[in-house]
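One chain comes next, on its own, written as structure tokens: the form predicted alone.
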């Protein structure tokens, strides 16, 4: 009995470690997508990734399944796994989630001096990027600011959810490559958001953020529609 119990415990422990490894791989790939290192349509090679990350292909496939469930990658039978290219419905779902989370975090989250300093540094980076016309740097700053907004909630669960959303957002941003001014006119709105938080105008910050998200969604959907026509 003792031997059987020990064997079962070892099996359970090995399974837990395996699951943790798959979750870690999913996090790594998600982060690379959110950082723009993996672009829409690019193929994810099992052989290359399993070697680079030091894991088995089975573990890697579990991570792919997780990301496929998040719409971050697409699994095509007999062809492989590809970084997703979000369409209109994916954009709508992204903004449904963002509208529920971000304004609430701005309204009720904990705004500390340290958090505000970080946000102000982010929007300064965005302004500098706009001044030199760097779209990737503006996109990076935008991602960082909205991640910081969700961070106001102090919830690891919401932060993990936002990481998934930001990975999808990065893929959506690639669709805006032919509209380089997309990010530029949201820089000032991000500055205003931080100014309102600094002034303690939480309701104005939340309302402005909802309007911001509505405008961004409409612009993205309009661009996707024009590209498809």
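Definition used throughout: the rigid core is the maximal C-alpha set that superposes within 1.5 Å between two forms. Remember, it's a predicted structure, so these values are computed and weren't measured experimentally. Numbering follows the first chain given and starts at 1.
Quick note: we don't show the form predicted in complex with a further copy of the same chain, though the next part is all about it.
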{"item": "Non-hydrogen atom within 4.5 Å of a further copy of the same chain in the predicted complex for each of 124, 129 and 187", "value": "no"}
{"item": "Proximity to a further copy of the same chain in the predicted complex, single hit among 105, 145, 83, 138 (heavy atom within 4.5 Å)", "value": "105"}
{"item": "Interface residue in the predicted complex among 48, 31, 42, 65, criterion: non-hydrogen atom within 4.5 angstroms of a further copy of the same chain", "value": "65"}
{"item": "4.5 Å heavy atom contact, residue 88 and a further copy of the same chain in the predicted complex", "value": "no"}
{"item": "4.5 Å heavy atom contact, residue 93 and a further copy of the same chain in the predicted complex", "value": "yes"}
{"item": "Partner contact for residue 116 in the predicted complex: a further copy of the same chain, 4.5 angstroms, heavy atom", "value": "no"}
{"item": "Contact test in the predicted complex: residue 133 vs a further copy of the same chain, heavy atoms, 4.5 Å", "value": "no"}
{"item": "Residues of stretch 51 to 85 in contact with a further copy of the same chain in the predicted complex (4.5 Å, non-hydrogen atom)", "value": "58, 61, 62, 65, 66, 75, 77, 78"}
{"item": "Large Cα shift (2 Å or above) at residue 147 between the shown form and the other one, core-fitted", "value": "no"}
{"item": "Residue 134 C-alpha shift between the shown form and the other one of 2 Å or more, rigid core reference", "value": "no"}
{"item": "Post core alignment: residue 88 C-alpha displaced by 2 Å or more between the shown form and the other one", "value": "no"}
